[in-house]
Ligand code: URA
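Okay, here we've got a single chain as structure tokens, the form predicted on its own, with questions on binding and movement later.
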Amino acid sequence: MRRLDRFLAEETSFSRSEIKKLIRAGRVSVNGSTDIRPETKTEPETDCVLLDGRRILPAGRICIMMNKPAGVVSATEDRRTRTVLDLVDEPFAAKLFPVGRLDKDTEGLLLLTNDGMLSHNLLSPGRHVSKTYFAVITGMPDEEIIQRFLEGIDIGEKKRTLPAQLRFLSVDGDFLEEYVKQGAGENTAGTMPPGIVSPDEMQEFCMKSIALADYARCGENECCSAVSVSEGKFHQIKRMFQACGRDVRFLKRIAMGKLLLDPALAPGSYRTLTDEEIKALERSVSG
């Protein structure tokens, strides 16, 4: 059993003092009755607790997939710009935080959760959890860039980037076969670098998570590509392409580890993860 005011304060963005005012105003009911007090004992799993007509349930672990739109920041609060949490219309929104970040102008898969350990494991450098992106870049496909990404690129930091998988795509989503060579995706030692997705996995990600509207963004003297990295340096994808003489015109994350972006999610929309998707995340962390 839990005190009503404490339960509601834990599961919503209201403080306990604000909850007490809501109870006095008759905006809270338990099993249909508003004849209640802040100290009323309740069993949240079985009692019907309503706040402004909306049932409040104990959240437990929350994992939300969002298709982040451009123009919002990956933060819990910002005084100047809308954040991803501003897009979550749920009582528990204030309890969430983004797992990592996407640049303000980058779209795509963003995980929101209240599980600090899951977030830590997904972002830990030692776990080498991959992040896969769809990118529209200037210029035409070039096999040399594929090899440079695989070898790691100097982007002006102490160390080169870790090996990254790059593939060029046709505007209908197929890999451009002339740029898929025998052994592609392996380093000079002939082994797959930690955290890097295989060409087959990347092709599956692209087929399942890139919308036709994304390919339509590719204009004259531009090409479509898919990139998978296992680290998260500042503006990393853009800086890697810039080091190769290319500019990124559009960037969208389509996968985090083995979790794929649901193509049915419009930019700015979200949904809770399915049990299978949570298992996919856990497989990503365990390697």
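Just so it is clear, the structure is predicted and the values come from calculations on it, not from any experiment. Residue positions are given as counts along the sequence shown, with the first one as 1.
The next section is about a form of this same protein that is not shown, the form predicted in complex with the ligand.
- When you look in the predicted bound form, the only residue of K41, H235, R61, R27 with a non-hydrogen atom within 4.5 Å of the ligand is H235.
- In terms of contact with the ligand in the predicted bound form, the residue from C224, V49, L251, V227 that brings a heavy atom within 4.5 Å is L251.
- A residue is said to contact a partner when one of its heavy atoms sits within 4.5 Å of a partner heavy atom; F149 fails this definition for the ligand in the predicted bound form, lying far away.
- With a 4.5 Å cutoff on heavy atoms, L102 counts as touching the ligand in the predicted bound form.
- By the criterion of a heavy atom within 4.5 Å, T106 is counted among the residues contacting the ligand in the predicted bound form.
- Although the partner is absent here, Y133 lies within 4.5 Å of the ligand in the predicted bound form, judged by heavy atoms.
- Comment: 236-244 is the region of 236-244, 29-37, 215-223, 255-263 lying near the ligand in the predicted bound form, near meaning a non-hydrogen atom within 4.5 Å.
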